[in-house]
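For reference, the chain that follows is the form predicted alone, supplied as structure tokens.
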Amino acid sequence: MTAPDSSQLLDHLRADLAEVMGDDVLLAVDITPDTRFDDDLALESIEFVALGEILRERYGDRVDFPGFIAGMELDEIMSLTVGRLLAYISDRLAESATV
């Protein structure tokens, strides 16, 4: 299975965020790799949980979003960017493709 490229991953994450936060988020914020989950999107903790569920449905056990977040300090979570999450997803998918 070929892993999606970074553009496809960003498109998937935009769709996932729209599902979690509503389509209006796509109108209000230009979601780029530099977009911050806290400052720019104001993602609530329950929305992080919902995003984790969507990522699990999309990528299965290959992407452990709760484990990814659990390994961070609070300030890292507060400054988490879309790009950092995309890099994590990309790395995990690439690792699983080589196994």
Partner chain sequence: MSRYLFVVPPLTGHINPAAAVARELTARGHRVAWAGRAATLAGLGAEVYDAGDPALDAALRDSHERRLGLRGAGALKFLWEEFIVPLARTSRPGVEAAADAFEPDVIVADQQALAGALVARRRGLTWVTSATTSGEFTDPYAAMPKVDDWIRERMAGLCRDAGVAETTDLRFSDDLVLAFTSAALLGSDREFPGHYAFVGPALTARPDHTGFPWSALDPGRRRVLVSLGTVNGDGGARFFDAVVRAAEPLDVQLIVAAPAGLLPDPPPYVLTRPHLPQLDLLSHVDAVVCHAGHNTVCEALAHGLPLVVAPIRDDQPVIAGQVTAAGAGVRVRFARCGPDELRTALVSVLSEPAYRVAAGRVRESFLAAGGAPAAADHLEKIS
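What you are looking at is a predicted structure, and each value in this text was computed from that prediction instead of being measured. Numbering follows the first chain given and starts at 1.
Another form, the form predicted together with the partner chain, is not on view; read the next lines as being about it.
*Of V63, L43, I54, I31, which one comes within 4.5 Å of the partner chain in the model of the complex, counting heavy atoms only?*
Checked against the cut-off, the match is L43.
Counting only non-hydrogen atoms and a 4.5 angstroms cut-off, does A70 reach the partner chain in the model of the complex?
Flag for A70 set to yes.
**Prompt:** Taking heavy atoms and a 4.5 Å cut-off, does V20 contact the partner chain in the model of the complex?
**Reply:** V20: contacts the partner chain in the model of the complex.
Residue-level question: is L74 within 4.5 Å of the partner chain in the model of the complex, judged on heavy atoms? Yes - in the model of the complex, heavy atoms of L74 and the partner chain come within 4.5 Å of each other.
Is the gap between M78 and the partner chain in the model of the complex 4.5 Å or less for some heavy atom pair? Yes, M78 lies within 4.5 Å of the partner chain in the model of the complex.
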